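Only one chain is shown below, in structure tokens, and it's the form predicted on its own.
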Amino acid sequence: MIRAPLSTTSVLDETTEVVARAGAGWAAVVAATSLPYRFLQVFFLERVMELGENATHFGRALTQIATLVVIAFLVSRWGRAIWARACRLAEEQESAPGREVWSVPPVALLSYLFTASLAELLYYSTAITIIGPLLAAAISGLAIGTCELNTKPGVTPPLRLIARHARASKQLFAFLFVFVVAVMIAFINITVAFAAGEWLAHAFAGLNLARWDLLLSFRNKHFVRLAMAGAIVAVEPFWIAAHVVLVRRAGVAETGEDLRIWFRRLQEKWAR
């Protein structure tokens, strides 16, 4: 019996294998490039909230911060493209990828930057709603999943690819639920790790950490936002890998390649 190629559980199971095969080194690339963007996001939003109605009087300062956010955004999407390529190669070769991961096709990278920017714009423009951010997250996942399928330059080809693979909407929204839960678990782990470190410093080092008790508590909204940003970065490699696997499985299912792969693996199993 062949497993359904687009079942959510089978895609998630294969995702863990792909992430392990791709290696922590390439996952570190996406984490290192995403952290500055997430932290600058928090910094910019906090400055806007602090200024409130007076934000219009600090246009130059906010513009400078926003420029840094945009640059960090582009760098983070480049890191995502690197990791997505590593995941694809790990899945195809069934072994750890090498230096070829750095060779992201320019057309694929530029197309992804375009679609990722549209998804980010949709997210911020609909942030006060519930459906808008969820739709933006789904589009963002498909954008990175279809990144290397873009071989023709232009505005419409990457959008058509996303629309074609959006037929797997059941899996996409299942991913949203799974990874929202994963982010919350990662957030809890991060806050518990800081609390444990603080407790150890109290218990064994005898340090006076009264100020840190406040800084690393839920009363400090800055700490909560940074911990949430860190949780998103921790889950991000799995999020990207899941969409790469989903798009690839959808492609092989359309062409019948899944049956050939299954039969080849069955032959290899019996040959042993």
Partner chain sequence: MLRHCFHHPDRQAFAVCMTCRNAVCQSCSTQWDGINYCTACLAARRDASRGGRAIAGWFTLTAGTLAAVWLSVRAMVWAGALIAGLF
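Keep in mind that what you see is a predicted model, and the values were worked out from it rather than measured. Numbering follows the first chain given and starts at 1.
Although not depicted, the form predicted together with the partner chain is the subject of the following passage.
- Within 4.5 Å of any heavy atom of the partner chain in the model of the complex lies no heavy atom of residue 173.
- The closest non-hydrogen atom of residue 120 lies within 4.5 Å of the partner chain in the model of the complex.
- At least one heavy atom of residue 107 is located within 4.5 Å of the partner chain in the model of the complex.
- Contact check for residue 216: no non-hydrogen atom falls within 4.5 Å of the partner chain in the model of the complex.
- For the residues 192, 155, 200, 131, the 4.5 Å heavy atom test against the partner chain in the model of the complex is passed only by 155.
- A heavy atom within 4.5 Å of the partner chain in the model of the complex is found for exactly one of 95, 169, 103, 125: 125.
- In short, of 87-95, 147-155, 161-169, 184-192 it is 147-155 that has heavy atoms within 4.5 Å of the partner chain in the model of the complex.
- Using a 4.5 Å cut-off on any heavy atom, the residues of 53-78 that reach the partner chain in the model of the complex are, in sequence order, 53, 55, 56, 59, 62, 63, 66, 67, 69, 70, 74.
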